[in-house]
Ligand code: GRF
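Given as structure tokens, the chain that follows is alone and in the form predicted on its own.
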Amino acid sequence: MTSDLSIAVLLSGSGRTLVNLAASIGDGRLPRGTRITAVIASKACLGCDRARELGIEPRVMPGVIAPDQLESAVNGARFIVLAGYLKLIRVPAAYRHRIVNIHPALLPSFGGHGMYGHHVHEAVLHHGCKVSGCTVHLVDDEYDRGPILAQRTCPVREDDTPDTLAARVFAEECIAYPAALSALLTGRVRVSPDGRRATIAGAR
């Protein structure tokens, strides 16, 4: 297992996932020694305030960040974790298979540009889906297309609204993200030669 378990968190909104990650460090769901060493926001947002509450001064970087700028901005963090980050990532060569994201639907359905937040849950309800959930995946240069690490599901109820479905999906995110990220941090993720499939050693 690598001794460097530093992560940089990128966000664009409320920072709920950042708070979940910090809690996961505190309660042992993430490996001992995991540290959030940088927070980057695409705009001034509540997530910036929550980063400061955690003792981390966020850096606001609007627009799509060039690979060399991103590599510099994360201050040497070994992994990059997207936490509701809405801008397209240009993956630096040094961070190939070391950037991870969570999406509030079961990819490859309901992903891609413009599919975030309530837009996703509205689409799930519009299509009459009976099951939704979340997907943790490695990040490539396209929205929501990198190899999948983990998925968790939840029922879609007849009386659901985007808000009630979002709350149920987020509860699954709080379980899925720390578990998948722990596998990545501890070197248990393997990516197929074609870059399309990821497996976790020891996963059932």
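Treat the numbers as computed from the prediction; the structure is a model and nothing was measured. In this text, residue numbers run from 1 along the sequence as written.
Although it is not shown, the form predicted together with the named molecule is what the next lines describe.
> Which of these residues, Val74, Ala83, Val100, Val124, gets a heavy atom within 4.5 Å of the named molecule in the predicted complex?
When the named molecule is considered in the predicted complex, the option within 4.5 Å is Ala83.
> Please tell me whether any heavy atom belonging to Thr186 falls inside 4.5 Å of a heavy atom of the named molecule, as the geometry stands in the predicted complex.
Flag for Thr186 set to no.
> Just to confirm, Thr17 within 4.5 Å of the named molecule in the predicted complex by heavy atoms?
Taking the distances in the predicted complex, the answer for Thr17 is yes, it comes within 4.5 Å of the named molecule.
> Would Asp160 show up as a contact with the named molecule in the predicted complex if we use heavy atoms at 4.5 Å?
No.
> Should Glu172 be counted as a contact of the named molecule in the predicted complex, where contact means heavy atoms within 4.5 Å?
No, no contact at 4.5 Å.
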